[in-house]
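Just the one chain here, the form predicted alone, laid out as structure tokens.
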């Protein structure tokens, strides 16, 4: 199995977790990293033993040894930087959300198709073995017909201030794009597109959602979803069908433990993750590159687009707007 050569763009906290896991995945190599800050790039490169580091993104795009770039910038730069990388013939794994809105996602998909280069959204939960086990149980009919999903994602970030990336609209702030995407993904992946969406948000003075509740209605099911930057909680998830339930332990989106309950019987599964769990999306993207695929069958570009369309609908219901939305009308 040949080694896939990686680059990382944007060297914040999520990139550190990703790089740590990349070192644990066989047949991958970190070639180069890039930041707008020279010292940050140098320190990151030393910490994770990349061969090179750059203080410009263009230099990373021009590095002929790099096959695929993990883009971990702030949300509003995802589309621009991903498209630039694709145009330089670099495959892209872009951290979630793939972009800020439907229009940007469509532009990214168009760039991937026109250049014939791989693109995938880094929705790491999709590739974790515990989530795969939950899907397998559902496909095997263990739960019968699905009727209900409940999932939340909350933490207290109020001390970070209005200029932090959590709360500033110019930085893509708000719970939906940052953490609410996880509960929404769970409902979408298991139940598909809903017949009806209801949503209510508490907005900050800057107009981003500090706290968000979502109710999705399907033909025979409901999904109750919630995200917040205002408080901590136990973040578990429930998937219930007519014949059984799956309970995903906290924090459910990265849990190594889950239980299947059918009447009085319970079966529990626990997985030893490789690193923090980003390793599985790294394995998926790397294998796609080896096989010459342009997108992942496990998390397709159509799925990323439909998930973004759901988020756009929720934002419209709640009156959440970003500077990038104005570009749609140009």
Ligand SMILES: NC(=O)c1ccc[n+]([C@@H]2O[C@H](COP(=O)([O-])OP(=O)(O)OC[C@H]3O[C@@H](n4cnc5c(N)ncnc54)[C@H](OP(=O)(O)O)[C@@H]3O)[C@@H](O)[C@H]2O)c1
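Residue numbers count along the first chain shown, from 1. Computed from a predicted structure; not experimentally measured.
There is another form of this protein, the form predicted in complex with this ligand, and it is not shown here; the text below is about that form.
Of the candidate stretches 61-69, 263-271, 300-308, 33-41, only 33-41 has residues with heavy atoms within 4.5 Å of this ligand in the predicted complex. Using a 4.5 angstroms threshold between heavy atoms, residue 228 stays clear of this ligand in the predicted complex.
Looking at residue 182, you'd find a heavy atom of it within 4.5 angstroms of this ligand in the predicted complex. Among heavy atoms of residue 130, none comes within 4.5 Å of this ligand in the predicted complex. In the predicted complex, residue 75 approaches this ligand with a heavy atom inside 4.5 Å. In the predicted complex, 57 is the single residue of 51-71 with at least one heavy atom within 4.5 Å of this ligand.
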